[in-house]
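Next up: a single chain in structure tokens, the form predicted on its own.
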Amino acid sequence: MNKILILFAHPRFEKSRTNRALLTNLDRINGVTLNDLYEQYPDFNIDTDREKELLSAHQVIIWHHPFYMYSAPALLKQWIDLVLEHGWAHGKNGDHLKNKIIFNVITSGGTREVYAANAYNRFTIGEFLVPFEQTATLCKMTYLPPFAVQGTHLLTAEALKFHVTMYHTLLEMLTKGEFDIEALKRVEFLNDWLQKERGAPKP
């Protein structure tokens, strides 16, 4: 069984209907550890030894965060800068994360359609996430496309429930190893792979 570490970073979690829903009942999924960075480090004083121990104990890592100004909240960036040290995560003798799976789970107010070359935001979500992909590559990790819940302000209760179900299904499949890693790499979003695998219609 794969153990999953969710590195959750949201400075205004109490105001996020979507993220509160996504994280509900995660403790019922065997093998999933939720690490709430803003709860754990309100002063931004990250315990790098603790974080490295958590990383070492899990096979799948998730950067779960709102899509703030085309990136992630500040604490997650600080986590990356401090925890993924040269000589441990990359560089000489930096093989501690080698071959671990990692990807982003994001929520955005903008819909999928506004993230394209000729659309409002000019670039795709994948293009905006390139720094995360390159970080993973530097650390010899296997980077996957994101799981994204977009247009959050427009979601009906039914649509939100659908995304929650899909996210929890993804976590369960990853823990059980029920996936083809090459197939996951070929999609734009992990949501697309789940739709195909499960055949579930969008709400």
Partner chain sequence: MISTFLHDALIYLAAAVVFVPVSKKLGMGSVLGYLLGGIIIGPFVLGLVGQEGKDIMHFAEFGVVMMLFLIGLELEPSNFWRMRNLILGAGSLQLCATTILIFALLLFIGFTWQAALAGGLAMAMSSTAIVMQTLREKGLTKTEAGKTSFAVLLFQDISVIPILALLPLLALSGSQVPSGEHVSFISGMPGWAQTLTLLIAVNLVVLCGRFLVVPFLRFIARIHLRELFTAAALLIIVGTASVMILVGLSPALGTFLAGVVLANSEFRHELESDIEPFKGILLGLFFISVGASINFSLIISNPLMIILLVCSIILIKAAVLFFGGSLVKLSFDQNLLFTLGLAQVGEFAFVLFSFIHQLDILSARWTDMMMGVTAITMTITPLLLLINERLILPRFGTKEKEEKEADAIDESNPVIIAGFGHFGSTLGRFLRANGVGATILDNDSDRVDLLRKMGFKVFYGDATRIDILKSAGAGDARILIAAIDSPEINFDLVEKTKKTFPNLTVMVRARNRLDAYEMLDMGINDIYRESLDTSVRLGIDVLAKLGVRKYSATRAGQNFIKYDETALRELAPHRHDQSTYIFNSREQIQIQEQLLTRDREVNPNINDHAWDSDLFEEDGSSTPSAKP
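Please read all numbers here as calculations on a predicted model, not as lab measurements. Residue numbers count along the first chain shown, from 1.
Separately, the form predicted together with its partner chain exists; it is not shown, and the next lines address it.
Region of this chain that lies against its partner chain in the model of the complex, out of 44 to 52, 29 to 37, 173 to 181, 142 to 150 [heavy atom, 4.5 Å]
Within 4.5 Å of the partner lies stretch 44 to 52.
So, E113 and its partner chain: in the model of the complex, are they within 4.5 Å at any heavy atom pair?
No, E113 stays farther than 4.5 Å from its partner chain in the model of the complex.
According to a 4.5 angstroms non-hydrogen atom cut-off, is L82 in contact with its partner chain in the model of the complex?
Heavy-atom contact with its partner chain at 4.5 Å: present for L82.
Any chance N121 has a heavy atom within 4.5 Å of its partner chain in the model of the complex?
Taking the distances in the model of the complex, the answer for N121 is no, it never comes within 4.5 Å of its partner chain.
Is H90 close enough to its partner chain in the model of the complex to count, meaning some heavy atom within 4.5 Å?
Because a heavy atom of H90 falls inside 4.5 Å of its partner chain in the model of the complex, the answer is yes.
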